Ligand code: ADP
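Only one chain is shown below, in structure tokens, and it's the form predicted on its own.
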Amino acid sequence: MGRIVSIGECMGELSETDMPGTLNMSFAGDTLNTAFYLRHSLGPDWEIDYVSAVGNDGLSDRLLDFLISQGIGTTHVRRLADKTIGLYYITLKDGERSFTYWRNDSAAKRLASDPAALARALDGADVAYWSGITLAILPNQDRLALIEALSHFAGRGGTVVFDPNLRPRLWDNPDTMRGWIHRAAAVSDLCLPSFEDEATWFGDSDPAATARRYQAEGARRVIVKNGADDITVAVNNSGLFKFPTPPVERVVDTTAAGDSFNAGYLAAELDGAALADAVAAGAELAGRVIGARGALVAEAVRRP
């Protein structure tokens, strides 16, 4: 039995349907996507809680109802009377997505504004999962509060898992982004970067350079995703390992590819799988997710 808390922002997702002029409404967000796939991959002995903030409006009610319907705990989702959730509109071209956002007044920007509530959310958890987007949407004082809370959590034996998920549009400038990502890595046991982003914004020459850099910043383990290419893993002082990515039958929508990989890997690891098997589980889940439309594809999860 165990408990995982996933910390971040869930947004309303608007996407086109097969009927011209109509939109579908659903919910997604990088840390919510991973929580969703963890919930669908792990057995009932594991609790999955979401840590965020929403408003008191009907759209926020609908989001909380959705989380509960998926078996994701909402006890630590704070409700703020003067806020609501963010929205985004997704468009697809050749399986690649682009986004238009409405999130300036998102309640999730205040998810770490109450340190006592944050401490309660982490109390008794085994794993805390967060991302660079979680960090990016917060004001500086709340970034510091979240990092401090996770540092204390790790000091008490909790496992902190971090996906850098670099989104420079959410930051004042690239240097600010890089500085905070360094600080986040320093309190994280496992980092799950994507090489394309890291090469662009940190200048890494290859996935091995990304893995070594995150280890130098303090992460004990690093798994570098690289699209259809090999996955590079660095574990403590055991050197680097490379694992092939299984071929994918078709690519419909790459939304949540990295988020689902993270969940598939973590679920397998928590179930006791060996490193190679856990990496394969993550890659296989991501491959199934990108073969369907949308961020949350319950049918992609294959339970024994």
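Counting begins at 1, following the sequence as shown. This is a predicted model, so every value here is computed, not measured.
Unshown form predicted in complex with this ligand; subsequent notes refer to it.
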Of 226, 159, 106, 215, which one comes within 4.5 Å of this ligand in the model of the complex, counting heavy atoms only? 226
In the model of the complex, does residue 231 come within 4.5 Å of this ligand, counting heavy atoms only? yes
So, in the model of the complex, is residue 194 in contact with this ligand at a 4.5 angstroms heavy atom limit? yes
Evaluate residue 251 for contact with this ligand in the model of the complex, applying a 4.5 angstroms cut-off between non-hydrogen atoms, and reply yes or no. yes
I'd like to know whether residue 55 contacts this ligand in the model of the complex, with contact meaning heavy atoms within 4.5 angstroms. no
Counting only non-hydrogen atoms, choose the one of 22 to 30, 64 to 72, 39 to 47, 256 to 264 that falls within 4.5 Å of this ligand in the model of the complex. 256 to 264
Within 4.5 Å of this ligand in the model of the complex: residues from 231 to 247 (heavy atom criterion): 231, 245, 246
